[in-house]
Structures are given as structure tokens and as C-alpha cells.
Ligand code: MET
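Take a look at this single chain, the form predicted on its own, given in C-alpha cells.
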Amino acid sequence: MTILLDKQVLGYHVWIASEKWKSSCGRRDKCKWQIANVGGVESLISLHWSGRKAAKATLLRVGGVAIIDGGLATELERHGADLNDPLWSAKCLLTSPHLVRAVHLDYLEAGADIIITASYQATIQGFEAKGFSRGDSEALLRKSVEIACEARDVYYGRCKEGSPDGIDDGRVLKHRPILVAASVGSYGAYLADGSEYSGNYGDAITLETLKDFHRRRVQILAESGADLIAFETVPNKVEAQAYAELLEEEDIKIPAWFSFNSKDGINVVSGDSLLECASIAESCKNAVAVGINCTPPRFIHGLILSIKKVTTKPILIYPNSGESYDGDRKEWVQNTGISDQDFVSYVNKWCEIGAALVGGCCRTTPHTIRAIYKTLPKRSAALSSQ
């Protein structure tokens, strides 16, 4: 029996379980499970590793493409949530956690392998401004991860009850490795003034200011049960550096990805060099992937090629719908984006030139993610062979 594993996995204890995934090796609480196809028989590989190595190996599956979920706020609003608040989607952690769980489930049933928590705009400072205590604010951060983990558990239960082919009424009900990524939005996201899309925080905001702002939040999320941290929509070089230094200073045990945004297809939104920003992630030992999010699809091809010049790590891509956002009116301009069909038409091209993780950001939906899942026909075979 021959088992081919990514070189990143070599050196870790591998246990081949029986066909029934419920089999236990006595260390199930510390195991990360992956489906393997060994000799034509679907088995389980339990890899005994700790946080960073676990997620890194999952992200580095040979020949596979992992699917990230899509926009959260759009879907919460579609479910009836009112997000007109400085906390934005994080408001639902207070008012309607059941809606957050429902959206996570929608994305899992659309084929997502990675779901991102509702903590993008959840900060201790933001909750305290609403009158919450420090303890309650920290509990809400943990709650964002707990909700995502609950959704994953519910999804696995539905998989057990689903049809043998993994497809049930259009839903993807296939037991597979699923990661929970704890979202960390930028300082500009906390300000809720649009500066996350400019990266202009003023001279008073220094590297140390940003590290102090994010420190406790990152600590809490790293210890909350998430598989990795997603530093999202990073608008400038100094904030990327702050994240990298925090991971090192606080000895964060789980991995992270760095995802930047661009409005010109060349630099990050602040005007800082994308190559310099991506190089920070490349040199960060905790970073397992680097890429782009919340950027129009038309820019992605060139941005992938640019990032490839400075990184050997997996490249992640989750653009927005291409629609324009009116910062003054705080709303999306209708009819300025592209259809799901056009969005998905780019996906295989992105994967061909180096994207290893693909999903959607603002204004993309479970329909978008389901279309991505369907347009990657080789994906399932690639994942099941690891």
C-alpha cells in the first residue's frame, strides 16, 4: 500500500483508520482528520500534529484547491439582519447568532472548505464603546469562533444523514476537512469610516499603536479553537508588519494567512508596494498563505503573478463581486459588478497560474461558492487522494 503525502506532512505520526470515521486512535481530541483514498477504499488519515503544522498541511495539499466561503454581511442582511451599525456583521454576535450560524451552514452546503468567523469588525474597543465590559467583549470574540465550530458540527451531522453521493437537493453534503478561520479586520475596519479601503490612518497611528490595538484580540482568537487566523483586507505595509510581529511576540500557536486589498491592480489600497507587503507575509513563520481579498475580479490575474514573485507559500484569492462601494452613502452601487457566471469564469484561470485557495468576499453569495465548487471538477479527486 503506497500513500503519497505532501512533504510538509512527512515526519508526523500517521494513523490509517478504518472506513468508518468514528474509529478512534485515543488522541482524537488532538487529531486533524483528512479523507484518503487508499487502494480504492475511502479511509481516514489522522495526523497527530499541533495547530500550525495541521493547517499548513491542509493548505498545502498536493494538486488540490481549497474553497473559501463568500460574503457574510450580504447574506446576513438577506436573512433579515440590520447591519447599520459600527460593529457591522459583528452586531449579529449580539443580536442574532443563529443567523451567523445559518450563513456558515449555507456556505458549507455550497462546498466551502474554509469558513471565516463573524469577527472581522469585532474588536474589544468596539464592544467597549457599546458599553460592554472587557470580559464580555472578549467573550463575544470567542463566541464568533464557537458559532462557526457549531456550524461545522451541524454540517458533519447532516453529512452522515445525507445521500451516498454527497449531493442532496443541490446541497454538498460531503464529509471533508473543514477549517475555521478567525477573521481579524484592520484598524480601519474598527474606525468604520472607510479607511480600511484607503489605509490612511494618519501619522499618529504607528506600528506600536497597531500592535497594542490588535494584541489582545489576536490572543483571544488564537486560543478560541479556530484552526487559523485570517488577517483580512490588510490595507498597508505597517499593519502587515504589526500582525507579523504580534504573531512572533505572543508566540501564537496557530497559523495565519495575510490577505491584502488593491484598488488599482498594482499596489495595496494605501499605495504601498504589494510586493513589499507580501514579502512580510513570506518571511513570517506563522503565515501559511498570502493573497488578495475584497478586490475586483478584473485585477486578480495580475496580482497573483505579482505575489508569485516574492512568495513560495500558497496563494489565496477571494475577490468581491466587482461592485463599487459608495463610502459617503455607505451602500453598494447597483449594476456595477459582474454576474456569478462571469466571476466563476475566472476561477480556473486563477488556479492555473497559482491560486491554491479560492472564494469570494463582499457581495458574493453561496450561489457563487457553489458555482466555484462545480467549476473545479478535478478538485474532489485531488482532495480525496491526500
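Start at 1 with the first residue shown and count on from there. Everything quoted here is computed from the prediction, not taken from an experiment.
The form predicted in complex with ligand MET exists for this protein as well; it is not shown, and the discussion that follows is about that form.
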Hey, in the model of the complex, is residue 127 touching ligand MET, heavy atoms inside 4.5 Å? no
Going by a heavy atom distance of 4.5 Å, is residue 233 a contact of ligand MET in the model of the complex? yes
Can you tell me whether residue 120 touches ligand MET? I mean in the model of the complex, with a 4.5 angstroms heavy atom cut-off. yes
Contact flag, residue 371 vs ligand MET in the model of the complex, heavy atom cut 4.5 Å: no
Assess the spot marked by 72, 116 and 362: is ligand MET within 4.5 Å of a heavy atom from every one of these residues in the model of the complex? yes
In the model of the complex, the one of 156, 132, 213, 88 near ligand MET [non-hydrogen atom within 4.5 angstroms]: 88
State the residue from 137, 293, 311, 195 whose non-hydrogen atoms include one within 4.5 Å of ligand MET in the model of the complex. 293
Based on heavy atom distances of at most 4.5 Å to ligand MET in the model of the complex, which listed stretch, 245 to 253, 225 to 233, 144 to 152, 302 to 310, is the contact stretch? 225 to 233
